[in-house]
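The form predicted alone is given below as one chain in structure tokens.
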Amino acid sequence: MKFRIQFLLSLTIILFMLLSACGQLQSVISPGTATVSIVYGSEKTEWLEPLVKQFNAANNKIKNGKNILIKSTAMGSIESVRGIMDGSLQPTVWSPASSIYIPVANAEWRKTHTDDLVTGTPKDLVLSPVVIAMWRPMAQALGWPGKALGWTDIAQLATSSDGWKAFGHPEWGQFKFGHTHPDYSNSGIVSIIAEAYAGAKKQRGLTEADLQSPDLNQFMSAVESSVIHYGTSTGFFSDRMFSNGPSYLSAAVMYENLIVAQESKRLAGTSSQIPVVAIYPKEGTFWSNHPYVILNAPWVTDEQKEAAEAFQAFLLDKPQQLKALELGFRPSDPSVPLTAPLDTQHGADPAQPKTILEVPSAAVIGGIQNLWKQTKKPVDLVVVMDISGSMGGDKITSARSSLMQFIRKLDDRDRLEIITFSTDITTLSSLSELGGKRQQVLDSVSGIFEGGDTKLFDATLQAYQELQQNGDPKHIRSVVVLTDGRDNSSTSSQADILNKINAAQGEGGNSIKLFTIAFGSDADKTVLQKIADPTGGKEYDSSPTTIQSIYDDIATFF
């Protein structure tokens, strides 16, 4: 008997040591896993992703003993809710950059469901006010910090023929402003709602009737007239502003934490830019409050809700909130004091914002989006398309169909020109308003076929020069070039294009933007990037399967 007990004890110890050594003990005794998928606004990636790893490594469990596994995906706030609506995304938790879009999400959800997608009042993870980032010397020229600044100052600067000359700085040229596209970005929708409030001279109670005011239309038109281009990502705007400097953008709408991050780099000596400060609009602003929304959706189980609540409690615990503070966010826990880097040395004012605007109804938000489409800055666009012999097969088919979809996204007030090139350069449609010729242009594009050599440089230079000559400087001016190969028949060179671009760069952010698409592995990506980068545009790598998404991304600039 004694021998048997010793044998069983030894066997148990050996089994325990083997399982422990292999890291398998927990998985063997665990009854399963409660998986929580989170789709979140990418603005908090640097804070959230390390915490996901930390939480998963701790083997947290729900009451029935199942391990909790967090799976996180960063995605644009409006892009993510569209995925939830069309069923392509089924997360347990949705954490957009702010609560602004929740009324719209609920209204859309109720079209096919009996209850709301978001119920109750979700808890905020971290906070960051939506601000106007402006270079400190420019803010000082406007009277900051003694004078409160806001949207009315932006509107006045935007419509001033003297620009910065009126404030004693003719060398700064015209005022150049930026915010993201409200159909794709949280900061973009927040921007135009704040504009509408300022134009209506209200801070709450904005109605659909207010949106019919001619004065409001004029006010939003004034603000939008100084926009150099739109975009899909707030981070993209901050990167462009802080890398290209004051000649590219005078000011842009972004989150306070991005300004803190930039100033931290400058103070550490890793950025050579001049100081930038946060302007908290005197008319009021919104919080980027990063709500933690456990979805009221049929695919979310009780186990997942319990697991999601456990992760939420972890994120709201003080150590995690202090990590958010280190990255320039304001902790949602009011007991955590606002200390460095949330201070004036880093461009922030912890005593601001003074006024928080009321989130309008879904109907009013939709009305503001429609008003923005009427008042936004139009684009003068030249599309340059390679139709050489190498574009045969799937390439020309997908290039045609994606370009047609792109054309459908443009507004009637936008002006469009289309140039094709192979051995010859052909203008399918000259630069003119799209509204009256849209179907004609679509018909012309549908009839494109391939053949011949590749006059890439000649066609690009022609498009750039024609837009420079015929484009309206008060419009966003852009050239989109698609090619699948290398130039083999131009009389112009890459240097000719770059010389022309460099000669025009005194216009800074208002200069013509070049977007280049390397369509397949044979395209010279290096050359296309060298052409795009100096203009503030972008080079894309593409294929027949991804070209539509590339055109969709370019459309967000307009």
Partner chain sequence: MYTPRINWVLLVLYGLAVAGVFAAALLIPTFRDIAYAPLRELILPPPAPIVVSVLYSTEKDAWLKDVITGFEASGAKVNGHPIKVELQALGSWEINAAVMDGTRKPVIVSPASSLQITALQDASITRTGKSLVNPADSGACRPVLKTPLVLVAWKERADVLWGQQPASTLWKNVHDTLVNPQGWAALNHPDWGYVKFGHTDPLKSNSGFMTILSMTYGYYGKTSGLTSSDILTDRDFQKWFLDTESSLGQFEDSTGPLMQKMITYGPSTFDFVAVYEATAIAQADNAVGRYGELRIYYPPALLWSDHPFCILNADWVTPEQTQAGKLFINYLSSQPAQNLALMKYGFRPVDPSVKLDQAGSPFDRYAANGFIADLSHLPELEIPAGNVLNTLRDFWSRNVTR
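Predicted, not measured: the structure shown is a model, and the values here were computed from it. Numbering follows the first chain given and starts at 1.
Below, we refer to the form predicted together with its partner chain, which is not included among the displayed structures.
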| property | result |
| --- | --- |
| Joint contact, 332, 336 and 351 to its partner chain in the predicted bound form, by non-hydrogen atom at 4.5 Å | yes |
| Location of its partner chain contact in the predicted bound form, chosen stretch of 200 to 208, 294 to 302, 386 to 394, 427 to 435 [non-hydrogen atom, 4.5 Å] | 200 to 208 |
| Contact residue in the predicted bound form, chosen from 244, 355, 440, 446 - any heavy atom within 4.5 Å of its partner chain | 355 |
| Residue (of 262, 92, 289, 478) lying close to its partner chain in the predicted bound form, criterion heavy atoms within 4.5 Å | 289 |
| Contact of residue 124 with its partner chain in the predicted bound form (heavy atom, 4.5 Å) | yes |
| Residue 146 within 4.5 Å of its partner chain in the predicted bound form, heavy atoms | no |
| Residue 168: touches its partner chain in the predicted bound form, heavy atom cutoff 4.5 angstroms | no |
| Proximity of residue 214 to its partner chain in the predicted bound form, heavy atoms at 4.5 Å | no |
